[in-house]
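Presented as C-alpha cells, the chain that follows is alone, the form predicted alone.
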C-alpha cells in the first residue's frame, strides 16, 4: 500500500521503517527539517537496533522517503498513520498540541483530495480524545464527514525501546479501535504475515487499553521493587522471592484477579497485606504501593455502596455475601461490610447465600455469625425467590451460577446492581448496573 506516517519520532520512525521493509511505499512526514534530511539520506533519526539498516535499505530501494509537505503526503497515499508525541503538561494532563496541529493539516489536505481515505492514530491518547479532538479537527479542516468521506481508527502501539523492531513483528496483540469495519480491514492488511491475537473493538476501549497496559507495567515494577526493599531489610534475597513468584503461571502471572469487580476479603489477603505493611513500617521501609492496597480496597467498597444507594430504593436484596463463591467464609467479607452500612442507614434488607446456612455452619464461621454479626443472621432467607419478592434493588455479591437465571426474572421497576460481572448486559442498559463496566 501507499502509506504516510506523521511524526518521525520513536514510534513513527520504527513504524515507517518496518512498513517500508515489508514492501509498502512509505512517506515519512515531519516538520523538523533535520529529521527529513536524515531519512532521505537513509539514516535513522532515532537510536534503535536494526531500524537504521532497514531505513537505509528502504530508502535505497525507493520504498521510503520523507517530506515536510503534508499536502504531498496525503495526496500520494491511501492511508496515513499519526505517530506524533503526546507529552505531559505540568498538571499531568496530555499536551495535545501536536495532535491538533497534524489533524488540522491532514484535514486541510483531505479537502483537496478525492476518494475515501483512512486516518489511523498510533499516538497514545486518553479515552475520549478521538471523539473530542481528532475527529472534530479532521472534519472541521476537511469539510468532510468521518465514516462517509474518510475513515478514522485508533491503533495503539506496544513497542518497547530497545526491542521495538522485534515487537513490531512479534506483537503481544494487535488492537484496532473502530466504528465501522472498513478502516480496520485496511489496517489488517499491514499484518497479513504476522501471527498475533487480533482485537477489533470500540474506539474508547482501544484508547484505554494502552493506558491499562502501561499502568500495569508500572505497578509490576513498583511491586517488585517494594518486595525487594522489604526482603533486603529482613536479610532475604528479593530477586529469589520474585523468581519463585513468577514461576506460578496459574495465579500470579495469569488473568486471575485481573477482572474488574468488587473488593477482596477473606481470611488471607487483608490480613497478610496488613501484616506486610506493618512490618515495613517497623523496619522504616517505605512501601507506598503496598500501603495503598487496603485503602484502595476500601474505596471499592464505598463505590459499590454508592452504586446501590443511588438507585433510590429502600428495599434491598443481596444474592451472595460470603467473601467468595463456593465458600461459607464471612471473615472480612466486603459484602458483609456493605450490608452493615446499609442497615445503619435504615435500609430494609433480605440476604441469601446457599453456602451460608446457620443450620449447617460449624466452628469458626458459625461463631463469627452468631457473635460478631448476629443482626445479619436475622436477615438471612432460604431462597432467591424470597429476595426477589422483597427487593426493589437486587445486589449480586458473588459469582454463584445459581444467580444467573434469575437476572431474566427481574420485574419492571426492579433494578440489578452487579458487583461481580455475572450479567452480560452493558451497564446502564435498562435496569442493569455494573460496578466497573
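None of these values were measured; they are calculated from a predicted model. Numbering follows the first chain given and starts at 1.
Not pictured, yet referred to below: the form predicted together with a small molecule.
Although the partner is absent here, residue 124 sits close enough that one of its heavy atoms falls within 4.5 Å of the small molecule in the predicted complex. With a 4.5 Å cutoff on heavy atoms, residue 85 counts as touching the small molecule in the predicted complex. Remark: residue 32 counts among the residues lining the small molecule in the predicted complex, judged by a heavy atom distance of 4.5 Å or less. Although the partner is absent here, residue 98 lies within 4.5 Å of the small molecule in the predicted complex, judged by heavy atoms.
In short, of 375-383, 32-40, 401-409, 51-59 it is 32-40 that has heavy atoms within 4.5 Å of the small molecule in the predicted complex. Shown without its partner, this chain lists 11, 19, 422, 417 as candidates; in the predicted complex, only 11 has a non-hydrogen atom within 4.5 angstroms of the small molecule.
With the partner omitted from this view, the residue of 105, 207, 226, 178 that lies near the small molecule in the predicted complex is 105 [heavy atom within 4.5 Å].
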